[in-house]
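Just the one chain here, laid out as structure tokens, in the form predicted alone.
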């Protein structure tokens, strides 16, 4: 019988969780966060918003449906949200060594080895999640075979610059509307959602001066880390506001639009990461179940008078969207493109396209 390699998770408060290794046999450090979704680990792990983070999955059984094939559609991987695993490491309660799914091409462990990402199974993820909820998100490290490393705070780096593309890319060049997608760590399904609506998508780096291009509207994407690191993006959004250019923000894009408008942002205690976050539209009784992945939020108390909150999280009353009262600028903190998650708010892409002349 093959001996199981031991590995441990060490938190900044000194807590140690012992488990067994799968994926890459190495140590890794980052910010430890939890996701309460029941499915969707291939999409979540490839979401650039997880850059620098050690991802804890609270659903107990992980790996049972393997990992999808590397098929491409419109120049993008069809079943993933970027071209690689973005999370630093994966923490699960029980790893399923055997997988079975019609679209699986390899096991979760083999896929993680391919991208040099370590994992731990066999620890009490409920105890770990309770600790993170009570004390807040903490730095941590996965230590494999006593190969110790230092703790590292990824939020001190400009993570957006690490995940954004380096040169512009255009999708669906003959599309009706020309949309600049400011790539702060954009998920592939944002691009798919626009192409599906016959938009030409001009994907540009986070700090790119796109105002010299010909376009009809701007979408500011999701992404990792502290929004205040993205000064160039904020300045470009300010110019959109000055020129009355229709502008739509998603996730990090919500925080960046808030900063460009003159408001402030702050770090949440443990963030929102799941596919079951309830958000109500302000002034209505409409509640949507949303997919989310973020650790910062906009402070609506600091919004200028011409702006207003648009959506609110029903779990903790934090901001889930803002909009200008009279002009075509609005943003949301959740993910209307889902993948994984419910499709309740997919209509917001249509709303954005509808305000473009």
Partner chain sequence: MADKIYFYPVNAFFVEKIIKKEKPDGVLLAFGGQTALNAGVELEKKGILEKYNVKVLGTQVETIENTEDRDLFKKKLTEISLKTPKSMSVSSVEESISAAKKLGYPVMVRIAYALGGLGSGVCYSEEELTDRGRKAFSFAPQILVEEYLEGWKEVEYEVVRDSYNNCITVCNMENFDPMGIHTGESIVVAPSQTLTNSEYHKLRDISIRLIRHLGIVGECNVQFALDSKSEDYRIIEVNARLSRSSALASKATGYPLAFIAAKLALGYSLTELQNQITKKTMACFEPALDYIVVKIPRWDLQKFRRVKKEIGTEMKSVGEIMAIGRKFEEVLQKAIRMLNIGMNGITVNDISLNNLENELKNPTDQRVFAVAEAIKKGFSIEKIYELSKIDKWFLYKIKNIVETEEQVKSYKPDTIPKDLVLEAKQNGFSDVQVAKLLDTDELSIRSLRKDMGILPSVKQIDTLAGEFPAKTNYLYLTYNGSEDDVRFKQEKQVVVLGGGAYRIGSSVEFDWCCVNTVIALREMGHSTIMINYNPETVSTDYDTCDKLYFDELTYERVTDIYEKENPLGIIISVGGQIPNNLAMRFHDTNIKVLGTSPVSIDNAEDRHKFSKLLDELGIEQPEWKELTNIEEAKQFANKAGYPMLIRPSYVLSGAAMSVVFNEHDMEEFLLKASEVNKEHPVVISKFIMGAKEIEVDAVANKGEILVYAISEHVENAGVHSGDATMALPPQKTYHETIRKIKRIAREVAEHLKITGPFNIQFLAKENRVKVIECNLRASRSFPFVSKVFKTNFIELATKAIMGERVEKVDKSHFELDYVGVKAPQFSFSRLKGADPTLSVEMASTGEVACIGNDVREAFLLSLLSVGFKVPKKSILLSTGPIEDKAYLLKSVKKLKEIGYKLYATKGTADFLKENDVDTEVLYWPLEEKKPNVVDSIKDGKIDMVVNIPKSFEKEELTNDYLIRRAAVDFDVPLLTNLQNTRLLINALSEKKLEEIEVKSWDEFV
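Positions refer to the first chain, counted from 1. The model shown is predicted, which means the values in this text are computed figures rather than measured ones.
Only in words, not in the display: the form predicted together with its partner chain, which the text now covers.
- The chain is drawn here without its partner chain; in the model of the complex, the stretch among 121-129, 147-155, 235-243, 214-222 whose residues come within 4.5 Å of it by any heavy atom is 121-129.
- Taking the partner from elsewhere, residue 277 is found to have a heavy atom lying within 4.5 Å of its partner chain in the model of the complex.
- Taking the partner from elsewhere, residue 27 is found to have every heavy atom lying beyond 4.5 Å of its partner chain in the model of the complex.
- Put simply, residue 341 is close to its partner chain in the model of the complex: some heavy atom of it is within 4.5 Å.
- In the model of the complex, at least one heavy atom of residue 94 sits within 4.5 Å of its partner chain.
- Using a 4.5 Å cut-off to its partner chain in the model of the complex, not one of 73, 106 and 209 places a heavy atom inside that distance.
- Of the residues in 14-51, those that come within 4.5 Å of its partner chain in the model of the complex through at least one heavy atom are, in sequence order, 34, 36, 38, 39, 40, 43.
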